[in-house]
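Shown below, as structure tokens, is a lone chain in the form predicted on its own; questions about how it binds or moves come after it.
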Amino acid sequence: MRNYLSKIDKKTSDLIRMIGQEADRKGISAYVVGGIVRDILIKEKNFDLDIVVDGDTALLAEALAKQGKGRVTLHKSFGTASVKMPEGWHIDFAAARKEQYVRPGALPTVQAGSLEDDLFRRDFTINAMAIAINPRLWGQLIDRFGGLKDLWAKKIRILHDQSFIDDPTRILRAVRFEQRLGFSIERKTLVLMKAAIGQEALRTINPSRYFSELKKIFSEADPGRYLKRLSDLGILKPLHSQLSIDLNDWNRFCRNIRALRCQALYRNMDFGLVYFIGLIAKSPMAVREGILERFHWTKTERESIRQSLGVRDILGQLSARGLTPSQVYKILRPMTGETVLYLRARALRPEICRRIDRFLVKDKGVKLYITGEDLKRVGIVAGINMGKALQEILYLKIDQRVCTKKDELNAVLSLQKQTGDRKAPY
């Protein structure tokens, strides 16, 4: 029988073999399942491992964490566990289960089931395969639904006719996999998907689940080409019925983001959020406000979106002739990182781009040598005046008008002389 784990890289093989051996010692059958199987077969790198077992998930996860020096998190009420390994691997363990949907769009009710039940509950055939990892069955493929055939044919196919009605987030996932892998949605699957969209199935799910899947699309390496597909299929309508998209503007924006994405300056940014901002930013105010009200946002996400809506005014301020670095700092410092990235992607004038880049590379990280204790020694008492003094000296340093600690102290004394009041120089 063919060993489907024979050609994976050594590090991945060693990790999976370690899990299989631990499972064997505990008398548990274990399988890698889902997306990792697909990626193993098409030789794609994936640092997320899903393991389905027919026994105690906590027992196996704790044993692996101990042997591999990982960190384990148990979710006993759900019968699941996860292990974070030092090399970056994230491993999820779950007992085989089956699902039932009490109504369209609802989260499923879960109960214990067989491996076949567990595979049948998945979204597409290419994600519904498993590979045995116990030593005696090492590398054996379990493919009950034709996933391997669809993988080689580059087809996205659902497992049953109710799939998109039960869980409409699969509509967004179908487009994500189609575009990411360069596959096509199988004919009948596409017919059922369009029917579900026509029945407004996406409106039956919690808005946060819809938005979570949309952000996954925008977090892909190159989400620019996804948008036309989403728009043509009507998948963006749940955002707002009056949302309109200028595809030429969107494509220009995406090209700019791709160019910035490879720069270290922007490595830790939430690109999914920035793409989303680019999607809605040029819509009428009523549309943007409606989207803001409809979905749940973190404080940072909401702040980034609201700041970015004023992009024209901000870019106008940044284009002023003779703007000093400290003036740029005052404009950009209150912005979130995602807002600054969005501004940079929207900036057309080279001078504005240079100013934003200098802020990120140099001025954002400028620190003073002097502290509040130094100011106390020259007579400035704690309070608002001390904060103002430190801020003014910081601006001077950003503009390179002071360099050393002595320069900073002399600048403080100069400010005092200008006011003639040692206690309150402002």
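A residue's number is simply how far along the shown sequence it sits, counting from 1. Since the model is a prediction, treat every value here as computed from it, not as a measurement.
The form predicted together with a small molecule is left out here; the points below concern that form.
When the small molecule is considered in the predicted complex, R38 lines it closely, a heavy atom lying within 4.5 Å.
By the criterion of a heavy atom within 4.5 Å, S326 is excluded from the residues contacting the small molecule in the predicted complex.
Looking at N127, you'd find a heavy atom of it within 4.5 angstroms of the small molecule in the predicted complex. Among residues of the shown chain, N46 is one whose heavy atoms approach the small molecule to within 4.5 Å in the predicted complex. Exactly one of the stretches 296 to 304, 165 to 173, 143 to 151, 334 to 342 approaches the small molecule in the predicted complex with heavy atoms within 4.5 Å, and it is 165 to 173.
Although the partner is absent from the chain shown here, none of E22, D54 and K84 has a heavy atom within 4.5 Å of the small molecule in the predicted complex. The single contact residue among K216, R252, K194, K237, judged by any heavy atom lying within 4.5 Å of the small molecule in the predicted complex, is K216. Just one of Y275, Y226, F211, F177 comes within 4.5 Å of the small molecule in the predicted complex, counting any heavy atom, and that one is F177.
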